[in-house]
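Below you'll find only one chain, the form predicted on its own, shown as structure tokens.
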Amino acid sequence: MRWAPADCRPGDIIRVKVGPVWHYGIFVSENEVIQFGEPPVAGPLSGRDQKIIATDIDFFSAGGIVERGELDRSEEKRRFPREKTVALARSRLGEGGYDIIRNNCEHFAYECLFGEGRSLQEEELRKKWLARPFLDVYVAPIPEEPDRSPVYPPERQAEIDKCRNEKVRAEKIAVWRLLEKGVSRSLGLNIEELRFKKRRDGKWVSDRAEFSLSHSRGAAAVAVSSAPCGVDIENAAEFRRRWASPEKLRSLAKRISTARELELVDGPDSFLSLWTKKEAVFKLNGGKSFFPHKTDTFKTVSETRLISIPEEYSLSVCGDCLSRLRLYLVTEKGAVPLSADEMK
């Protein structure tokens, strides 16, 4: 579609630039232009009281130059007959529900013309939004009885179904449900809008976001980012019990640590921090097998926190957008930023 000032006919889609944005409508006559909301002469529309209205062309133009949409051949074949476009526009007079991103004047005009809403302004805003640097990490307790409905994509569900350990299967379901919420909150997308595949090294990837998954006894963690990332979560109490013996802990630390890393291990908590960092760095870099002694945490910037949700967990995160890190606790009420009381 091209746009140019021209004489209009009933059923034409028209637009006018008001400040930094375009305002769209359906032309019926000089005395009847149907549009969703008034021209935003005083700034962006709030949407609260905006409705589909009919005005004359002078009100619609708000002093600007009106342009008519000139359809190409394929668009002419797809568009409704002009009388149907006008009838559809009139049938929606008085309708509300304006949303500057998802249901604006451009959506309305395209729906009347083609039967489906589209907003190039929305698409441009979404591209800019998705291109911003971000790293959001969501943590949540694993419910005793997770949602057993099938997850998307089916290939991931098939992988979960093959897991024989009921506890691990529940954790895999919970962490994928958490990914669904993270994708929705960070990207504004339904998870079914993403395409997934499983790489040869076993890592799941998508076409529209970078993500990393982790789960430990009782909790799940998901990182969603605009750049490659890695996340790992470990139950601190369980880890301390397992490595309560200083001799065993030191022996393991020597096997998995570089000489520089070993200097920082002085007890279970420092060793736990090192372990979660190594796991997160491995997930960031990828690979089929995890060799802790070959994963040098000093070569990758990471951040580690002790969090209470309510049990205590060690959480490590790494990635190119670490400076944009935001941590959220997800409950039935939604995602809320982790408070200082919940982190150390």
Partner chain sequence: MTREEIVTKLGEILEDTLGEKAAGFSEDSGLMDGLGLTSVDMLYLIIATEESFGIRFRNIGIMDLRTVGEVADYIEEALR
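Computed from a predicted model, the values in this text were never measured in an experiment. Numbering follows the first chain given and starts at 1.
Although not depicted, the form predicted together with its partner chain is the subject of the following passage.
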Candidate site Arg164, Ser251 and Phe291: all three near its partner chain in the predicted complex by heavy atom within 4.5 Å: yes
Contact residue in the predicted complex, from Arg156, Arg185, Arg82, Arg217 (heavy atom within 4.5 Å of its partner chain): Arg217
Given that its partner chain is left out here, which of Leu272, Cys229, Cys112, Cys105 has a heavy atom within 4.5 Å of it in the predicted complex? Leu272
Quick one: is Glu38 in contact with its partner chain in the predicted complex, heavy atoms, 4.5 Å cut-off? no
Contact flag, Val168 vs its partner chain in the predicted complex, heavy atom cut 4.5 Å: yes
Can you tell me if Phe211 lies within 4.5 angstroms of its partner chain in the predicted complex, counting non-hydrogen atoms only? no
Is there a heavy atom of Glu234 lying 4.5 Å or less from a heavy atom of its partner chain in the predicted complex? yes
Looking at heavy atoms inside 4.5 Å, which stretch does its partner chain contact in the predicted complex, given the options 243-251, 173-181, 82-90, 143-151? 243-251
